[in-house]
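Next comes just one chain, in structure tokens: the form predicted on its own.
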């Protein structure tokens, strides 16, 4: 499904390189990455471990600094976008403070940003409802399942209403049944909010099911071997995974992953 183009991409990378200097010598994490992400797209990044998927996401979030090329977020540098609160970030682990309730964990960035107590309460209630955790705000993280904790983490990232949601393998540690359910819920959330989502995964079915665009990356140094615009409809029941279109995209992703190893 191809979305209408906005005047300027939300994320634009041109010739992006990143080399880490280590005691064992330079590590080339990203090389020559060219990518535009349009407003409202759901873009998944897939590739072998160490290919630079998370590194690219962290560059968008200004958590890593590229060593070559250019990168803009909402027409700004990543650092300026971070200061403008342009994105929420969901990590692999939920990262909830065990001594704070779920509502208090979600409230934390709002406290730091100086929102009034009344607005904090309103926003927490709204995002808890968005992720189907209404009624669980008074619970502590240890009282929730792993899937519910990740939904709370997503709610925290949504609490200050950033336009971009960056997600680094948020469901990778969950069992398949819970993962399927959260994939469905994430698509509903994306549809309701219209956020632009960047999503890192190792799962081909997950990438194909969720995305409007799939970015296939090679082993280090991370390069893009294929960019696939999905023809799947916006409404996607789980059984779409048995359709010919779904299987064709999955086959192309698999071919792209194999082709990437030609750079070894």
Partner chain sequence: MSRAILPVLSVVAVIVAIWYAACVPMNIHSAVTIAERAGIAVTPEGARERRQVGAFALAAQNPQVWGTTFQQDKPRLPAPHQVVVELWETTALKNVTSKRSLVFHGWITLSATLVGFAIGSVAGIVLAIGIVHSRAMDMSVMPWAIASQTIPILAIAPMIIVVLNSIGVQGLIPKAVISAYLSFFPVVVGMVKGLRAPSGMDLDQMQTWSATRTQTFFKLRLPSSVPYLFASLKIGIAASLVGAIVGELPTGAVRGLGARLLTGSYYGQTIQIWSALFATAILAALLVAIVAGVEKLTLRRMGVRT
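Nothing here was measured: the structure is a model prediction, and the numbers come from that model. Numbering follows the first chain given and starts at 1.
Absent from the display: the form predicted in complex with its partner chain. The rest refers to it.
Of the heavy atoms in residue 89, some are within 4.5 Å of its partner chain in the predicted bound form. Its partner chain in the predicted bound form comes within 4.5 Å of no heavy atom belonging to residue 147. By the criterion of a heavy atom within 4.5 Å, residue 83 is counted among the residues contacting its partner chain in the predicted bound form. The closest non-hydrogen atom of residue 151 lies beyond 4.5 Å of its partner chain in the predicted bound form. Judged by heavy atoms within 4.5 Å of its partner chain in the predicted bound form, the contact stretch among the candidates 124 to 132, 172 to 180, 152 to 160, 187 to 195 is 152 to 160. Exactly one listed residue, out of 220, 39, 213, 58, brings a non-hydrogen atom to within 4.5 Å of its partner chain in the predicted bound form: 58. Listed residues 35, 228, 232, 62 were compared with its partner chain in the predicted bound form; 62 is the one with a heavy atom within 4.5 Å. Counting a residue when any of its non-hydrogen atoms is within 4.5 Å of its partner chain in the predicted bound form, the hits in 68 to 100 run 82, 83, 87, 89, 91, 93, 94, 95, 97, 98, 99, 100.
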